[in-house]
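In the block that follows, a single chain appears as structure tokens, in the form predicted alone.
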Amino acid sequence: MLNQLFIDGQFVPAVAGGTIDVVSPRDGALITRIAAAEAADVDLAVAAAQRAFPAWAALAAAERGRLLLKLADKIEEHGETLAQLESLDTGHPIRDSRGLDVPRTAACFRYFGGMADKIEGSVIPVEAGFLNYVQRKPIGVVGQIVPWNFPLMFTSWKMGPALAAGNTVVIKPSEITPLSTLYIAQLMKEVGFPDGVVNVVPGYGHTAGQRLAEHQDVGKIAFTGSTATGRRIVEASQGNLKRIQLELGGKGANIVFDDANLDAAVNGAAWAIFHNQGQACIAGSRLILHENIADQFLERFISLARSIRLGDPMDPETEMGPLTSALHRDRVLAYVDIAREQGGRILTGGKAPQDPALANGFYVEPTVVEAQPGDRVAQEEVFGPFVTVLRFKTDEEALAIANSTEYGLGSGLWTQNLSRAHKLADAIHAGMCWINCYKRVNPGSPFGGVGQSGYGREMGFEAIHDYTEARSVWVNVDARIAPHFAR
């Protein structure tokens, strides 16, 4: 188990010698102690990335791609180790770490490995006698801050396009869940990434994260996390006007119309909110039900929620594990009290499970609460296995409820009326909309939000554009066209 910083191709202790306890969300036991990066460590990592940048950017794009493709193969080769580290560290059920997180991580690196030598510029039609072409150039050193909910997968989402485009990276995984990112660094070293191209500095946000965001030699910050922290990132970055990419909070609207396939909608809605214990920015955390089918839907949905198997994340039979930290578990449970105070009805869950085998872990039962659109639990991101049920009569009312929060990340709707589906998907204020499904992602499909859910995009060609600068080059191809004031 790797527990040091990764700087300039080597695993090293923190300059100040500090460490952070990494604990198991299953029972609170100590897993390991990791080196705690502070400002001095971030400075060393940025300097290493700066030294590595000219050669990495100049390397043939196909060679950068080849290394990313080799990394994807290596991730699959070490998939079981990565899956176990991810489940041990985060509480993800091992069935999801094996079946989703590891394959998606490899797929993302493989996608951008294939894209590296396909980053094209353009030629602009301009006046006769001149040629104008546009190149896509790497930004330089980019800082990347990865959250604790999907650390393995988000590491690939951040690093894949940045490296393919020719940038070098300083990445800060969460101090709560750093283990899989550090293991990826080791695999990158094994496949031959040059020293300094990737540097990993786990540490606290107010020290390592703050220094990375304000560093004058970092050209871009890509951050995934809370909206409040995103605002602080923007403030810290102003010193050198670095580019910012933010993937922030969400309060996903998941609308079920009265013509929906209820079996599919019930199962899809449960997946939308309870996968990864609801710890997903795109979670379908507002379940907006047509009044004609609401009671029937809830009967099935609540039955399914109560049947979800909570347990040890390392057990292949477990369907929902613990939340990632005790602090976060307490925050989620506090929203149950908030719901009650505002007149909400707790339809199921709302507490820690009674099973003695789970008593020391950070577990919360699948929770379903019926409330009103203006209630706090319908407006604020809970980020747990907690879904707020709202009812509507008309399509217009459903849309108004869906667009009634400050967030705009993921959204979904369930209907057999394709005209309605396209109309609503166009009108929902969100960066993504799923129709008769939820939480589908692909390395080629742009991922990101609007409003208080942030700006910029992960994945696809949009991600490559976010990790490059457009350079316009003008050529005078007709010597008879002289500059002004020619004599």
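Throughout, we count residues from 1 along the sequence that is shown. Only a predicted model underlies this, so the values are computations on that prediction, with no experimental measurement involved.
Not pictured, yet referred to below: the form predicted in complex with nicotinamide-adenine-dinucleotide (NAD).
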- prompt: Going by a heavy atom distance of 4.5 Å, is residue 204 a contact of nicotinamide-adenine-dinucleotide (NAD) in the model of the complex?
  reply: yes
message: Whether residue 252 contacts nicotinamide-adenine-dinucleotide (NAD) in the model of the complex should be assessed with a 4.5 Å heavy atom distance threshold; does it?
response: no
- request: Give a yes or no for residue 285: in the model of the complex, does one of its heavy atoms lie within 4.5 Å of a heavy atom belonging to nicotinamide-adenine-dinucleotide (NAD)?
  value: no
Residue contact check: residue 383 to nicotinamide-adenine-dinucleotide (NAD) in the model of the complex, 4.5 Å heavy atom: yes
- prompt: Among 318, 229, 415, 405, which has any heavy atom within 4.5 Å of nicotinamide-adenine-dinucleotide (NAD) in the model of the complex?
  reply: 229
message: Just to be sure I understand the contacts: of 361, 93, 366, 173, which is the one whose heavy atoms reach within 4.5 angstroms of nicotinamide-adenine-dinucleotide (NAD) in the model of the complex?
response: 173
- request: Within 4.5 Å of nicotinamide-adenine-dinucleotide (NAD) in the model of the complex, counting heavy atoms only, one of 173-181, 110-118, 265-273, 341-349 shows up; tell me which.
  value: 173-181
- line: Residues in 125-154 that come within 4.5 Å of nicotinamide-adenine-dinucleotide (NAD) in the model of the complex by at least one heavy atom, in order, are 145, 146, 147, 148, 149, 154
